[in-house]
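So this first bit is one chain, no partners, the form predicted on its own, shown in structure tokens.
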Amino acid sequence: MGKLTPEERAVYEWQMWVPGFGEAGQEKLKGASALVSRCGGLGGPLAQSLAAAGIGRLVIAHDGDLKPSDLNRQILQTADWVGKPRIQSIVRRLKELNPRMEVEGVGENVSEENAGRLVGEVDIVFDCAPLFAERFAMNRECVRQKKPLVEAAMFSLEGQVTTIIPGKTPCLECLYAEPPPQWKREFPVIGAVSALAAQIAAMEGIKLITGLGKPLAGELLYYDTASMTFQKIPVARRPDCPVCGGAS
């Protein structure tokens, strides 16, 4: 964990005024690395906020070329990039925002084959993937490698965020023994709804890295923007969970 440079002190001055954060918190962020799986309408704003806050290294896993239908929510893309690899625009935009940060762009989605390697490269994982095959693969690796996982998801006008700390909290497969049928590759989305989950998840990660505040450990924060209601729902570990049932 390196000391802050004069430039970094100038950039992050206002957030270092936050009580309990200070220069020590900023140095912890500088020394931290994170994986963001899928950097679209949810992962994009999340990665942007982590970059702006001064995280030291981001690994971004995202496959595919930009489509016109992505532009209502994927804020790290630009209209002139349609038809080109999304990961290139993501890395470029993040580096423009924070040239001091290391960004590794991986032009593939998380899978059973690469999850172990990607999770092994970082300190914390942010799951923004729409498909449960990816989410379950990350969950299993985070539990196995004892890495914290911030789970963020949305559908239509609703969203949810929880923080998984292996050995202390339920894991994703405690919450979902089977993938919910409505969660598919394409689904209704307004960018502001996904960005709201992104910002909550970003703060969860910043808290975990710096020790600031109390994370959503053992709780799921659910919101419905149609009625603008928020609630915390306690979640419990399943003793028969195939991933974390016997973990400690």
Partner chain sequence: MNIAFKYFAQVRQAAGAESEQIELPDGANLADALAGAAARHGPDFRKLVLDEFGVVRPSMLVLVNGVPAARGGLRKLAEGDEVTLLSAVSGG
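Note that the structure is predicted; figures quoted are calculated from it, not measured. Numbering follows the first chain given and starts at 1.
Unshown form predicted together with its partner chain; subsequent notes refer to it.
Site residues Leu131, Gln160 and Leu220 are all in contact with its partner chain in the predicted bound form, judged by any heavy atom within 4.5 Å. From the list 24-32, 204-212, 39-47, 52-60, the contact stretch for its partner chain in the predicted bound form under a 4.5 Å heavy atom rule is 39-47. Although the partner is absent here, Glu173 is a contact residue: one of its heavy atoms lies within 4.5 angstroms of its partner chain in the predicted bound form.
In the predicted bound form, at least one heavy atom of Ser156 sits within 4.5 Å of its partner chain. Shown alone here, Lys147 lies farther than 4.5 Å from its partner chain in the predicted bound form, counting heavy atoms only.
When its partner chain is considered in the predicted bound form, Glu178 lines it closely, a heavy atom lying within 4.5 Å. Contacts with its partner chain in the predicted bound form, taken as any heavy atom within 4.5 Å, map within 202-234 to Leu220, Tyr222, Asp224, Ser227, Gln231, Ile233, Pro234.
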